[in-house]
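Okay, so here's just one chain, in structure tokens, the form predicted on its own.
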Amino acid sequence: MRFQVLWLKRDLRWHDHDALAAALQGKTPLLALYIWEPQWYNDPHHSPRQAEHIAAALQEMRKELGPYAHQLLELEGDATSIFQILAHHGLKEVHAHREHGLQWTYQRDIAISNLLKKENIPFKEYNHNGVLRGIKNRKHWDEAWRDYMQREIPKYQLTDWPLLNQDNLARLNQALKDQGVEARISESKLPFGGEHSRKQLERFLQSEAKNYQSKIGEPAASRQTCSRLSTALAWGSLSLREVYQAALQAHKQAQYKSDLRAFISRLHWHSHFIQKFEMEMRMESENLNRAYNTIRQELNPQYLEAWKKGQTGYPLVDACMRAVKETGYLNFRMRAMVISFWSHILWQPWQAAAQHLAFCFDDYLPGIHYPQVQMQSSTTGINTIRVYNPVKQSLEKDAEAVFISKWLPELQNLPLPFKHEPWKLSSMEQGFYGFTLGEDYPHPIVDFAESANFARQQLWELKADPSVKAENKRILGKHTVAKRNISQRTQTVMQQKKEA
């Protein structure tokens, strides 16, 4: 028997799938394959809730295949070992999108590529969501991204699927089982997958986007007014191109055009940050600007536990940390704030925060996560230093303390001003409200003004250092468009807005 494999990773859909479109061009029987890898489960960035989303997506994909569902294999084991077995039992060709993941997934893909090359089995990889592998700079990247996003979505039918007959499939499954590779069929009660996400996209574009810009920074309201598609995009239940084209189409009839333009621009930033990570994956563990390696080297375990548990004494920070642990989601501004608080106010290395938040986020995507963590921790050298004041953010973005009250029930009975700043309660007032600071809710873990001044002083002094400037020059040359191309890029953006 001879067969080809569609290797699924962070592209858990059948629609707008370049690798699938290519595989369906052939007549050789096709098997879709998802591998549940021990490395994934053992990686501290991944959570059971993320696995539940993957299982839900696979469950829906199997449903969409209908009578062909048996052509989707889920296997548990080491990916390299599994492909070694497949190579010896009829594997003819492999199709897969390039995964922009962690160092271990990158090295795994290289190992499998080398294995297949040794076995003379073609391994055809496809770019995903407009992100390119192997480019040295960003000179023409914007144009290439826009061209990809506006390209017609591939047309094919799942009924064109070339099937591996049941007898051959049974023999292959037995060969895998004999080598200790177990099969599974994912089940999940989560409402997740392409169909569910497509309905959410439709609701957002038709009505909910009208408050997108005005509410995007608010931790409570943003849960209803943002697209809530980040998890679908992270695991590939929807393609970025499908969302982009749907948003452009909706923009033509919408009354809230500025809201949709803001949303469309963020789809561009989605790929922009992944591209940055793709070109410099060491950001997973190292400062983008190496000159920042001299600061924040020691971890305070007590600070880490207080921050993770939402016990820092700063209500908005704590509400965010409890909410993300419980729900897997925070809006962008609150993500920036909790990272800034950790790195600037507590003056701690960003790596521990990055790992914890990755575990919490349902939409954890390395290519967005690490560039953002480093930007908000001021270790890129090229971005503005942003030291968020959690009280100011609280008063502006959660003025009625709706979000704080939901996630910090110990503050619910306090008057509104004290929900934002409980440390301002006098002893008499604490007694009146039946509240004891330091028992019912902690004192602030550090003095904000003192810590903020220290952080700013350290960071601005370092920003002027020649070694930082030298690294900045390298980073700008690699990750930004040269000045001579700024005008052309601006014209491209303006044309894009005009067409939208």
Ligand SMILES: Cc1cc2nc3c(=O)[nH]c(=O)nc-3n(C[C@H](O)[C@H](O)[C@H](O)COP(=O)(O)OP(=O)(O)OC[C@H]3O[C@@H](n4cnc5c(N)ncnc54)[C@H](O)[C@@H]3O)c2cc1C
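From 1 onward, residues are counted along the sequence shown. Keep in mind that this is a model prediction, so the values were computed, not measured.
If you look for the form predicted together with the named molecule, you will not find it shown, but the lines that follow are about it.
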_The unique member of Ala323, Leu267, Ile82, Leu169 whose heavy atoms fall within 4.5 Å of the named molecule in the predicted bound form_ = Leu267
*in the predicted bound form, which of the listed residues (Trp161, Tyr212, Phe403, Tyr148) lies with a heavy atom within 4.5 Å of the named molecule?*
Tyr212
_Quick check on Arg108: any heavy atom within 4.5 Å of the named molecule in the predicted bound form?_
no
*Indicate whether the named molecule has at least one heavy atom within 4.5 Å of a heavy atom of Thr312 in the predicted bound form.*
no
*asked:* in the predicted bound form, does Arg335 come within 4.5 Å of the named molecule, counting heavy atoms only?
replied: yes
*asked:* Contact with the named molecule in the predicted bound form for Val373, defined as at least one heavy atom pair within 4.5 Å: yes or no?
replied: yes
*Can you pick the stretch from 412-420, 111-119, 363-371, 137-145 whose heavy atoms fall within 4.5 Å of the named molecule in the predicted bound form?*
363-371
*asked:* For a quick test of understanding: in the predicted bound form, does each of Leu229, Phe263 and Phe273 have a heavy atom within 4.5 Å of the named molecule?
replied: yes
*Can you tell me which bits of 323-348 touch the named molecule in the predicted bound form, meaning any heavy atom within 4.5 Å?*
Tyr329, Leu330, Asn331, Phe332, Arg335, Ala336, Ile339
